[in-house]
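This document opens with one chain alone, in structure tokens, the form predicted on its own.
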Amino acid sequence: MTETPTLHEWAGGMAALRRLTTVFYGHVLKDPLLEPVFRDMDPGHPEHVAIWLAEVFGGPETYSHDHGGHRHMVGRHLGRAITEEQRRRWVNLLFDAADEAGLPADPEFRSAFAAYVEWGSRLAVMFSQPGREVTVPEPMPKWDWGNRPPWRPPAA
């Protein structure tokens, strides 16, 4: 492989992201702190989040084309009044789900994954507070390796 793969490719593509969101939301619905937030979740929500993550991590732009892009995602958080405690639980459950779903465990991928999850979850808290509105178009985030391409063992 001569080109650096996208985070989407490195993660294992849509199949891996679907495993991640299926595992994750299964745990969320059993968690006493998060279950009330997600109690009435649409059954298709895990799939929508997998499609979202795929696009953010450099995969197909399906979420933008079929689901309204970042502005729509921001709008889904309006008025939910997510607390910092809920955000931290959400982040920790997602990291645990990444292990359980078999996402790559290399430090470079997990660092990029963690950076996005921290950034995105903090935006969700911010936009969920009472009185917030989406007043400007929100660009779709595109996450990459940053300064750390994936580590590869030396050629044999």
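The shown structure was predicted, so the numbers you read here are calculated from the model rather than taken from an experiment. Don't overthink the numbering: it's just position in the shown sequence, from 1.
Not on display, but discussed next: the form predicted together with a small molecule.
Is there a non-hydrogen atom of residue 45 within 4.5 angstroms of a non-hydrogen atom of the small molecule in the predicted complex? Contact check for residue 45: yes, within 4.5 Å of the small molecule in the predicted complex.
Answer with yes or no whether residue 103 is in contact with the small molecule in the predicted complex, where contact means some heavy atom within 4.5 Å. Heavy-atom contact with the small molecule at 4.5 Å: absent for residue 103.
Is residue 95 a contact residue for the small molecule in the predicted complex, using a 4.5 Å heavy atom cut-off? No, residue 95 stays farther than 4.5 Å from the small molecule in the predicted complex.
Partner proximity in the predicted complex: residue 76 to the small molecule, non-hydrogen atom cutoff 4.5 Å: The answer is yes: residue 76 has a heavy atom within 4.5 Å of the small molecule.
Is the small molecule close enough to 34, 72 and 117 in the predicted complex that each of the three has a heavy atom within 4.5 Å of it? Yes: each residue has a heavy atom within 4.5 Å of the partner.
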